[in-house]
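The chain below stands alone, shown as structure tokens; this is the form predicted on its own.
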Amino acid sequence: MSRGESSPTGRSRLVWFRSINISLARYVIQGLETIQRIGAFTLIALGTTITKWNVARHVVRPLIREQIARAGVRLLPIVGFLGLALGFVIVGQTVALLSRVGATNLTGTLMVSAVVRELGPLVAALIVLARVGTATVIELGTARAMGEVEALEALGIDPIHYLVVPRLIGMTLSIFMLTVYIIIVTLVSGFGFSFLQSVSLISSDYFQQIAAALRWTDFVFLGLKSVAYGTLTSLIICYHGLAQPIRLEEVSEATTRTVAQCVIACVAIDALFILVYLLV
């Protein structure tokens, strides 16, 4: 052993590195266990959705419509406002800057890359998570803590079919529809703001450039990304609300944990699709 390692400073550094490694290993193991449990819950939820699609339709279908109204229709005003803000900040300023440097021919490519591929799906998913996802965790966690889930099982009602499937389908469809809505609002309002800045780009050229920059894969990947965001976030939300016993005082902690994991899942999905865009 060297003199530096035998000294008190060397031993303290060794203890510090060991504690860091132990903490990292603990976090990795906990993360893998969480992924495994969420994966098992996902398989159960998807299996229930497929096998019981026509079971109790008069009960489940209204619940799906209620979730679409809750996570989609009611969020249209705030999504429209954010679309206007993104149009001003991203599209309007970008078009104005490109006009100053004489590179307006790049407008379509930049708008498709920034708004259609990235910002639209991600912003829609985060809005649904913030406005509906947190409330859903509290709602389901409180129901689990109060014994309502066990009461459903005692009545012969599948909690997954009654509580998870409507939220899974409703949130997924809502995120997809809000994604399309916010993209349209952002692109249209962005050109409006750039027009107010006297940018030498007429509307026909602007939308023709966007149409020319779009490929058929953009439509496919946009739908797949929106569905992936909606499916994974809704399953994580329902998992933390229902899949494990919880007390009332633990609901807030479960909500915080849900938001963090949903954000990580959305970033991971986005990174995966970036790789796919580069390979295609």
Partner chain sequence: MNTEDEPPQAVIELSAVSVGHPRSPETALLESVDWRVMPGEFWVVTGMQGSGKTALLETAAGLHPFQTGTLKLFGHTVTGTEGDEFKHQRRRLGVVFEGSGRLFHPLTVAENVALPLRYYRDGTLEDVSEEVIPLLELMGLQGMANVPSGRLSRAWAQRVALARALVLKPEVLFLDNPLAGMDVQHVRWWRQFIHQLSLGHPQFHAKPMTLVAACDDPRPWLELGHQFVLAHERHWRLLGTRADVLANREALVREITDAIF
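Residue numbers count along the first chain shown, from 1. The shown structure was predicted, so the numbers you read here are calculated from the model rather than taken from an experiment.
A second form of this protein, the form predicted in complex with its partner chain, is not displayed here; the remarks below concern that form.
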- Among L119, A96, V79, L152, which has at least one heavy atom within 4.5 Å of its partner chain in the model of the complex? L152
- Task: Tell me, out of I246, L222, I64, L232, which residue has a non-hydrogen atom within 4.5 angstroms of its partner chain in the model of the complex.
- Result: I246
- Query: If you check in the model of the complex, is K52 within 4.5 Å of its partner chain, heavy atoms only?
  - Reply: yes
- Query: With a 4.5 Å heavy atom cut-off, would you call F88 a contact of its partner chain in the model of the complex?
  - Reply: no
- Query: Does its partner chain get within 4.5 angstroms of any non-hydrogen atom of I202 in the model of the complex?
  - Reply: no
- Query: Would G102 count as touching its partner chain in the model of the complex under a 4.5 Å heavy atom rule?
  - Reply: no
- Name the stretch: of 138-146, 180-188, 109-117, 206-214, exactly one has residues whose heavy atoms fall within 4.5 Å of its partner chain in the model of the complex. 138-146
- Query: Considering only 55-79, what residues come within 4.5 Å of its partner chain in the model of the complex, judged by heavy atoms?
  - Reply: V55, A56, R57, H58, V59
